[in-house]
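Okay, so here's just one chain, in structure tokens, the form predicted alone.
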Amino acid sequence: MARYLEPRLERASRADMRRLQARRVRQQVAHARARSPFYRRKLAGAPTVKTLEDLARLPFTTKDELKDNQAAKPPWGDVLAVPFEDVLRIHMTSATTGRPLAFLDTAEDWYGFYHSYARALHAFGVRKADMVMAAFSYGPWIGYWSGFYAAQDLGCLVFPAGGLSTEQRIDALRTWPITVLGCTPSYALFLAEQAAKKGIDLAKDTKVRITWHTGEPGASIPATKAKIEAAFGSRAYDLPGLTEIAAWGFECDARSGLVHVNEDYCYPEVLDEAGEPVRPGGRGELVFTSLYRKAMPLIRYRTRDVVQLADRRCPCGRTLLALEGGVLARLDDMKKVRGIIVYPRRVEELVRPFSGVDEFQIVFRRHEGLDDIVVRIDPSPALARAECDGLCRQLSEALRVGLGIRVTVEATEPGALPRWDHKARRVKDERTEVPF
């Protein structure tokens, strides 16, 4: 069974990959400058890009700029760099922060997006003989469509589940020989929880062998991954992506803790706070330049994702740039509490190892004039009151040590906290004045 979908690219020498990237960067910048009114204005007076090093002399593009542009020139601004009649697809961002963005694609753009996704599925071990369910929300969000098309691109039989309820999806998993499931990590845990309430063990009562997860960082958190794998009796994989860029990265079957970057589709920079490239092992913000999208090309797009550039090779043999542990944090999610920086992902890393926690919520509040963090947990119904109280004490101590700040832990009634079939929204900031 071939390990690589495209070995020439996935195992390219660094020199060959950089030549490919340099050619595509030159083409993309020239195309954007010539065809996109947005970039014609933005790049006026900017130097010509001849090498990859020249790219650093161009300005960043930010999500706020794109939001302002689409608000000023509705409905999709003037980034568009092809005639409107050449556009085939429209997708919307999930708007985890503010107004959703609309993104348009040509047929070739769309193929690039779902084919980069297909490379990821293949790296997980998905093959033509598999039957795949993409259990993402049906609508203008790219998660459902890209997963569906990517599985088809590999020749898989795809079970359409976008419009089904949770109960219908559980029934389908039991009825049909579905071997691969894609969904957000939060929804995977919710599916398993709902099935268990009906006496259904998805690890025993289905044929699922691989699950993949996108939309949230949960599948790159070891404790969350382990919980999903136990629930389905399968192997879980992380697939980070951006509606604006591509299915830009993937874990592989070597399960080494690294995420490979599809750097032939999007040129990556990992930059420190001063905007300088980090060295291997260093952490910084991930910045992408799209190398394939012609309808709405993005140049030096700040993802706001914090990543760590790997300083080791993956045993799988791929030579693609790799990141340690995928997306480690989002700058947009960063909170400051009594002088301490807190990321929700770090809270999840500390909460998930506690098997008695079915769901949780993070609340930032001002209590008696001081900032405070409350972690509300939805305890397993099997826990007695004394066990629940002990769980709260243990978790409070783990959070204090792991975050370096005192955290209040409160238990709700079992099942009281919300669940999600799309991106989870576990964080509430009730402070009227946020100190950051």
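Because the structure is a prediction, the values reported are computed rather than measured. Start at 1 and count along the sequence shown; that's the residue number.
There is another form of this protein, the form predicted in complex with a further copy of the same chain, and it is not shown here; the text below is about that form.
- Heavy atoms of no residue among C252, P277 and L331 are located within 4.5 Å of a further copy of the same chain in the predicted bound form.
- Within this chain, G317 is remote from the site of a further copy of the same chain in the predicted bound form, having no heavy atom within 4.5 Å.
- The shortest heavy atom separation between F148 and a further copy of the same chain in the predicted bound form is within 4.5 Å.
- Residue contact with a further copy of the same chain in the predicted bound form: T175 places a heavy atom within 4.5 Å of it.
- Taking the partner from elsewhere, F354 is found to have every heavy atom lying beyond 4.5 Å of a further copy of the same chain in the predicted bound form.
- Residue heavy atoms within 4.5 Å of a further copy of the same chain in the predicted bound form occur in exactly one stretch of 232-240, 357-365, 76-84, 252-260, and that stretch is 76-84.
- A heavy atom within 4.5 Å of a further copy of the same chain in the predicted bound form is found for exactly one of A223, A196, I90, A203: I90.
- Residues of 101-133 placing a heavy atom within 4.5 Å of a further copy of the same chain in the predicted bound form, in sequence order: A102, L104, W110, K128, A129, M131.
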